[in-house]
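Okay, so here's just one chain, in structure tokens, the form predicted alone.
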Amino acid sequence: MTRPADAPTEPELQRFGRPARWVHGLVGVLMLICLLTAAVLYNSSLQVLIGHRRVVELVHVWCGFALPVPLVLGLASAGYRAELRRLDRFSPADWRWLRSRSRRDGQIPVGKYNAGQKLNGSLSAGAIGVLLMTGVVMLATDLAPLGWRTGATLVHDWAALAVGLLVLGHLSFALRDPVALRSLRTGTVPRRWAEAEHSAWAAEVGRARDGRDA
């Protein structure tokens, strides 16, 4: 059923600016390409099915080197830097949220990011750094000793597996929350959703709006 033209629409809150959405999207695409190409390079059955191993390897390497680029370019945006500061700060409520089995009942005030999202951001950033450094060592055949390259390969493989599981978990949670998923495209969320899922942030936005209107 269509909404009447004069029916009031639910108020929307601005959640993500354009720089943050672009960085998230580009890093997500590059990470998925790296994981898919890694699966082909690691699994002999997929290698036979896909073929063109050298092309797959080049795509994997260059997408890996490109992974930090959106993160660095995003630092030119003040809004993006503000998002990073939020992600980097754990409050007492965040620790309570992690320990709670009923964390979704709204009893614990949640800021713009819940503790799970903050952990995901930290783990993802750390994993990108580990994968990049170990990848460089693996490619430095003329500079790094064989022992270093062997160790780097082991760390790289296990880190890639951990990142793959992290990405699967992230996608699983995202697909279960279409409002949050939509916000990465539009940048906005309904106020009612914000008050239910991120009550402390919704209150913060309300106070800032009241201050501007005063």
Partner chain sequence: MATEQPDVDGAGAPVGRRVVLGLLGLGALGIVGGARLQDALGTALAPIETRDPTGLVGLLPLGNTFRYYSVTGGVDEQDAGDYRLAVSGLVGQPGRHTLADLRAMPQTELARDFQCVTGWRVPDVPWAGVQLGHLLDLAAPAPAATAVRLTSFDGAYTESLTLAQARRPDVLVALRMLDAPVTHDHGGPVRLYVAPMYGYKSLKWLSGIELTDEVVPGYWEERGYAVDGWVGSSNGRDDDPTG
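Positions refer to the first chain, counted from 1. Keep in mind that this is a model prediction, so the values were computed, not measured.
Although not depicted, the form predicted together with the partner chain is the subject of the following passage.
J.: Under a 4.5 angstroms heavy atom criterion, identify the one residue in 66, 181, 29, 155 near the partner chain in the model of the complex.
T.: The option sitting close enough to the partner is 155.
J.: Any chance all of 22, 59 and 106 sit within 4.5 Å of the partner chain in the model of the complex, going by non-hydrogen atoms?
T.: No, the whole trio is out of contact, none within 4.5 Å by any heavy atom.
J.: At the 4.5 Å heavy atom threshold, is residue 149 in contact with the partner chain in the model of the complex?
T.: The answer is yes: residue 149 has a heavy atom within 4.5 Å of the partner chain.
J.: Any of the heavy atoms of residue 195 lying within 4.5 Å of the partner chain in the model of the complex?
T.: No.
J.: Although the partner isn't part of this model, could you tell me whether residue 117 comes within 4.5 Å of the partner chain in the model of the complex, counting any heavy atom of the residue?
T.: Judged by the heavy-atom cut-off of 4.5 Å, residue 117 is well away from the partner chain in the model of the complex.
J.: With a cut-off of 4.5 Å between heavy atoms, is residue 75 one of the residues that contacts the partner chain in the model of the complex?
T.: Contact check for residue 75: no, nothing within 4.5 Å of the partner chain in the model of the complex.
J.: Can you say which of 141-149, 29-37, 171-179, 185-193 gets within 4.5 Å of the partner chain in the model of the complex, counting heavy atoms only?
T.: So the stretch in question is 141-149.
J.: Which residues, if any, of 43-79 lie within 4.5 Å of the partner chain in the model of the complex when only heavy atoms count?
T.: 43, 44, 47, 48, 50, 51, 52, 53, 54, 57 sit within 4.5 Å of the partner.
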